[in-house]
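In the form predicted alone, a lone chain appears below as structure tokens.
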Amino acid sequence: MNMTSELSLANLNHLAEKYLERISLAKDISELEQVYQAAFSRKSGEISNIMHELKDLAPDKKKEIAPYAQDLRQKIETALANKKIQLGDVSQDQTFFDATVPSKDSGRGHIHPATQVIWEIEDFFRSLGFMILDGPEVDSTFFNFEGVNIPKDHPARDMQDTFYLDENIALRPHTSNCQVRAMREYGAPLRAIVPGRCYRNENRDARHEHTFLQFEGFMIDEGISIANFRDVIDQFFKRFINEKTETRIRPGYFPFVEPGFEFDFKCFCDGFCGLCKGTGWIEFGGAGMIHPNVLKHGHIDPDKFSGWAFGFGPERLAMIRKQIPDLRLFRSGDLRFLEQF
């Protein structure tokens, strides 16, 4: 079935209405599973086909349709999850319930501080037309390393040493493992962000953890330059730090970009402080122009298209905004810490 000719906002709205109605009318888990297969089956699912066919659209059409298609997928996934919980509650309600027994005050939880920041970041980039993607945390060494221009025995692998399940499978050390996957799936032009959990064989201290969150972003199109990155990152810091925040970029080495640079923002202090260590600038993340080899691995012509990519830790942003002194607190499970947010 060729979906390309059928991709329009009207058709997406029609699909949303159809699937949301089917989900609401589902009477048991088996009916819900049928809806899921109709939407997301790898070979014949309507929503899966739409996401796959996006790469064949003309650039202007793709920029118009892609955000709505992504939103459609998220709405249906959320509706399925909520309905599944609801159906589960129905079966529990049929068991004996003694209304005279006093309830236990278990307290109410709330969203983790790192998750709060991630949701804010996603909203910001979604407003700029970026897709929000996800990828596997256990991946092949090709997507983890070779695909992003880190060949075997390259010394850069020592910088991102991770945990291996075998010689060719490892926990991802960065969300860059989704770059080549996204290029092959959607083609160019492309703008996307990839939040997710990463793993490295690190010595734990106040700024480093073996398990951490990372936020990857990239933009690929004809004529993309560092100026485009500066504009986006300046808007980002004005939104999340301060309207008057000053930023800078300086040379840095990352094997998957050329040239590579690091981006910093001006510290709030008047002199020495522990955060900026007296430099007046706070290092925030790494970025650069996507290396031609990475574009080739993604089946994109580097002579026609260019792009930039960046990566940073949302937990570090939470530390700066909420004055959290130690990265290890995020996974400590200490309620004295978590209840402050």
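Start at 1 with the first residue shown and count on from there. Keep in mind the model is a prediction, meaning the values are calculated, not measured.
The protein also exists as the form predicted in complex with a small molecule; that form is not presented, and the subsequent description refers to it.
Relative to the small molecule in the predicted complex, residues Q70, F130 and L190 are all farther than 4.5 Å at every heavy atom.
Using a 4.5 angstroms limit between non-hydrogen atoms, F254 touches the small molecule in the predicted complex.
At least one heavy atom of A309 is located within 4.5 Å of the small molecule in the predicted complex. In the predicted complex, P314 stays away from the small molecule, with no heavy atom inside 4.5 Å.
At a distance threshold of 4.5 angstroms between non-hydrogen atoms, H174 is in contact with the small molecule in the predicted complex. This chain is drawn without the small molecule; in the predicted complex, the residue among T141, N149, Q214, T162 with a heavy atom within 4.5 Å of it is Q214. Only one listed stretch (50 to 58, 23 to 31, 284 to 292, 298 to 306) carries heavy atoms within 4.5 Å of the small molecule in the predicted complex, and that stretch is 284 to 292.
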